[in-house]
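Only one chain is given next, in structure tokens, and it is the form predicted on its own.
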Amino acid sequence: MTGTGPGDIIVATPGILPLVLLILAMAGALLVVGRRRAAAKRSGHSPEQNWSVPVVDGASQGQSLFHRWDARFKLVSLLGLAFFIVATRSLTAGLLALGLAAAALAAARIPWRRALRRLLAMTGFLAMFVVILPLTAVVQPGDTLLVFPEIARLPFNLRGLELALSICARALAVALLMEPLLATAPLSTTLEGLTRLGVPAKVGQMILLAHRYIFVFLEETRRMSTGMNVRGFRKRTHLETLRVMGNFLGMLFIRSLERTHRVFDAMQARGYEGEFPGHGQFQAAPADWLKGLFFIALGIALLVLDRLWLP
């Protein structure tokens, strides 16, 4: 490559672009293979998942400072920190936020593979920013452009790449931060804390029921799909496949609607009158206030550092 300094146009050697695309394709293929092998390993060595039990709070039994934290303070503090992280702009601040979120995850004693699975689910969406923003960012004075001879009309803006990496770092930081928020207490307790903060109780009930039964419906979808495949169905690009898939979606909708009626009837038979019974103990202690102030102060410090000192 040749270039003279910041603000100049750097012309890449012919043949570099195909090599970069090949490396990216190989990395993507390895990522997909790794995820499939991990999924196969889990399905082959773990008992069958009970889809009636929510999985978001699978690490709720613990003794970390997050597990002992009042749900109301935890919600306000960690969501506030997440908003401060999103408000930052520089890549350095995004990386600092990512480090803070990783430290919080370690302090919560949550298995790393659990968090990494959630981060891997975001990689496809975030990869679009890394590819598109450098090619579409508006050129400003001082920008450094990397020009590939194969696509000379689409210069690669390094400032756009920095912006894309900043967005990715902040998104990953917020995603990591949600693990200590949601996984260190039963979901019902977290939603009850949300209600104690003034959010309508109906909202919490809708979230709890939706989260519980979305896994049940996904498992129902998997069973129906397996039954279709056993009977010889194969997806192809013709009208017959569209007709079968339409019938499949219609039957899934009908089964889901019937299950909804049965669940509601069962809730009413057990005395449901519009409210779920509360079981959480909400008693504010000085430690809850101190932890809340600490995380809010971290967010403010990160935002001030980003706006005043970081490039």
Partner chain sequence: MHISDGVLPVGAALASGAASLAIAAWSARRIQGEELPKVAVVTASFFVASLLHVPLGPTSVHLLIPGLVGVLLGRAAFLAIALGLVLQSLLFQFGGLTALGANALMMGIPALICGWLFQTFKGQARKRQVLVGGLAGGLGTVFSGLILALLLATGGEDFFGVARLALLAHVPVVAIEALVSAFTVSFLLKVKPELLQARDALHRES
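Note that the structure is predicted; figures quoted are calculated from it, not measured. Residue numbers count along the first chain shown, from 1.
What comes next is about the form predicted together with its partner chain, which does not appear here.
Residue-level contacts in the predicted bound form: of Leu158, Val76, Leu95, Ala87, one residue has a heavy atom within 4.5 Å of its partner chain, and it is Ala87. Heavy atoms of Gly271 never reach within 4.5 Å of its partner chain in the predicted bound form, leaving it off the interface.
Though the partner is left out of this view, Ala285 does not reach within 4.5 Å of its partner chain in the predicted bound form, counting heavy atoms only.
For the chain shown alone, Thr144 is not a contact residue for its partner chain in the predicted bound form, no non-hydrogen atom being within 4.5 angstroms. Although the partner is absent here, Ser64 sits far enough away that none of its heavy atoms falls within 4.5 Å of its partner chain in the predicted bound form. For the stretch 90-125, the set of residues having any non-hydrogen atom within 4.5 angstroms of its partner chain in the predicted bound form comprises Arg117, Arg118, Ala121, Met122, Phe125, in sequence order.
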